[in-house]
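Next up: just one chain, as structure tokens, the form predicted on its own.
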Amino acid sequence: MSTLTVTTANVNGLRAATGKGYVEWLAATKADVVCLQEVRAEPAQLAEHVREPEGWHVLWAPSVAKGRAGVAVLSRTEPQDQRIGFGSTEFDATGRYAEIDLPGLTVASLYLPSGEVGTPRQEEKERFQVEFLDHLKALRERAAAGGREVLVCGDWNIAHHEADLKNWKSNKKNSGFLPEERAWMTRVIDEAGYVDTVRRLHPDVDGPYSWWSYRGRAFDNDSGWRIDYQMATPALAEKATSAVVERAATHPERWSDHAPVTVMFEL
């Protein structure tokens, strides 16, 4: 039996993270695939050892908007195929989505728009959700027809349930925990047919949180949100044996406001 370890990490600006510990983390990780979000840089703006890390095949998907968004997929195995975007006229060039095909598996990195209630950013998020749910359904259907599994990793910018954020009562009217956003996450599970692998392995706990605001003492008080997910097709989800949030030991050791979320599968 072989194992596959996948990590998703919102780096909150890769150039900044590079100087705070990302490079050392990548050198030490046991992951086979790493999905990054919020890279916020063109590949040419990155140092060579970051742009082309030894031992990794990298798909970069920067945004046309300089310094915004950007995702990447790093794989120790050379992909059989790779794609940027999901067929969206509005979003394919915005650095929100990229996917690679490995033997029997498609792995994707997602950075869903964050939104802000009452602004065009929330409207953008809602438009993205409509298009992306259709993509998730089609992706699963294509994969099933080809005998493949799917794993969509990333920053979904939605806490699904009350257990997914510390201060849920005060956030019910804020983007990221709106009733309609939570209902959309339910549709990802019930309609599109994906499984929240971390919650499946940690069913009755608060968290484990993966994002803490840099404001105040959110990290020290573990006043966080669980918004970084690995959503898998059911057969793959059943093979997940461990899920860990790689929370830094102390506030100064953080290289992002998110922590990497790592899931191991026994295939």
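Start at 1 with the first residue shown and count on from there. Since this is a predicted model, take the numbers as computed values, not measurements.
One more form of this protein exists, namely the form predicted together with the DNA; it is left out here, but the text below deals with it.
In short, of 234 to 242, 213 to 221, 197 to 205, 53 to 61 it is 213 to 221 that has heavy atoms within 4.5 Å of the DNA in the predicted bound form. In the predicted bound form, the DNA stays beyond 4.5 Å of every heavy atom belonging to Asp228.
Contact check for Arg15: a heavy atom falls within 4.5 Å of the DNA in the predicted bound form. Although the partner is absent here, Lys173 sits far enough away that none of its heavy atoms falls within 4.5 Å of the DNA in the predicted bound form.
Using a 4.5 Å cutoff between non-hydrogen atoms, Arg142 does not count as a contact of the DNA in the predicted bound form.
Of the residues given (Gln82, Ser88, Ser114, Ser75), Ser114 alone sits with a heavy atom within 4.5 Å of the DNA in the predicted bound form. The partner is absent here; in the predicted bound form, the one residue of Arg187, Lys169, Arg121, Arg127 having a heavy atom within 4.5 Å of the DNA is Arg121. Taking the DNA as it sits in the predicted bound form, the stretch 53 to 69 comes within 4.5 angstroms of it through a non-hydrogen atom at Lys66, Gly67, Arg68.
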